[in-house]
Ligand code: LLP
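The chain that follows stands alone, in the form predicted alone, written as structure tokens.
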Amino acid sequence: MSHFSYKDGVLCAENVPLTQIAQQFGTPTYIYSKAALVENFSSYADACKKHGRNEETALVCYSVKSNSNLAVLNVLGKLGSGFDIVSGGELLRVLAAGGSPRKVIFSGVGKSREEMQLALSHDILCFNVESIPELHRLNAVAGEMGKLASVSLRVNPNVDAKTHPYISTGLKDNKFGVAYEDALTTYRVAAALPNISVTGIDCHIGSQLLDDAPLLEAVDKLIELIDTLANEGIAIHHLDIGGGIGINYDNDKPVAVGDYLSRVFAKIDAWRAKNHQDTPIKVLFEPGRSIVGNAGVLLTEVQYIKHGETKNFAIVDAAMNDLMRPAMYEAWHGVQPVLQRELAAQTYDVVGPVCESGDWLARSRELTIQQGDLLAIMSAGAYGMTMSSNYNTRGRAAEIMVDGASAHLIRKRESAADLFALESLLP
């Protein structure tokens, strides 16, 4: 996390000390680095340009579910990003942030009629369809609106991503996509529907992949299927290979984005040359975590130091409702004291105030801290705020975007009154 570093013994986001942010905005607070967002997105965009792709032949569609703050979406949209959404609400966020609906792809297994109507009314780029019943519903909704719905089928290639089972999405027993063996039949159904336009093929096999071998295996299977479809007279105009590239949480060594994309484009170019294809196929990507994960931290204050018989606890004001990943996945996040102190290190479990034994953020960490100190929970930019909740009637954290020497409030902290504003008493 190169944009979070110590300066004069204080952890900073770019050029802003986290102590200053805590004093001005309180804790717990999510803090994002604009420079990190730009750098991470550019790793994809620059790799596309390096291989001769422009916006007509390659589109990076940021996965909104990883971090959907309007300021984050706005920064990425200005860089030329498209957007991968999984709900109507996410589409409205993209539009509110100034994003183009013509760069939006709509994924997800359970799209409602209302969500389809919303997306069609804004003329989005494509629906990633995941079942035959969804095809029939989309065809009916498009027909009622006098629209033609552009679709790609999310094909489940049965490739093991070798990641956590909760974030593995490309195996036969996952709920996502159309089974590879059923893809041809499903494409035939789609091609026969009057209000459906088949434009692409899509897959997404999982998240936090450190090795790109499973992703490249999935690309091979999609290319094979595109050739089969061509023999049926079904033309595919774009190839969406999903996201999934991991980040460094705990000395992880994820594949470099540029290296991965080089291998993807090499495969595609070799396939096109073999088939003597003059018309380029557009390539879409759906990265989320690899763009925003290491662009953010969760800032929290130590409320108490509690020494137990077998464990020491650092009880902080952030909790599982703020950062669900440790409780849900037993996920690892680095923990760094904001102030570097000359104290003897002790081993702590970093836990929150929520009334659940599962409310922990980090276990068995060597820390030099005392009551009142600030801690930064690292690599928290992805699936932190978006998975947060109001459990125990806790308002969700504030969000800050740092740009050089300036810290901007991009989401106010929720108050208790905000949480029950939509509720009412019986008459």
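Sequential numbering from 1, following the sequence displayed. No experiment lies behind these values; they were computed from the predicted model shown.
Below, we turn to the form predicted together with the ligand, even though it does not appear here.
In short, of 61-69, 48-56, 370-378, 34-42 it is 61-69 that has heavy atoms within 4.5 Å of the ligand in the predicted bound form. Proximity of residue 329 to the ligand in the predicted bound form: non-hydrogen atoms within 4.5 Å are present. By the criterion of a heavy atom within 4.5 Å, residue 207 is counted among the residues contacting the ligand in the predicted bound form. Contact annotation for residue 107: at least one heavy atom lies within 4.5 Å of the ligand in the predicted bound form. Taking the partner from the other structure, the ligand in the predicted bound form has a heavy atom within 4.5 Å of a heavy atom of residue 287. Out of the listed residues 177, 243, 99, 352, 243 is the one that sits within 4.5 Å of the ligand in the predicted bound form by at least one heavy atom. The listed set 147, 111, 325, 221 contains one residue whose heavy atoms approach the ligand in the predicted bound form to within 4.5 Å, identified as 325. Residues 383, 387 of 367-397 are found to place at least one heavy atom within 4.5 Å of the ligand in the predicted bound form.
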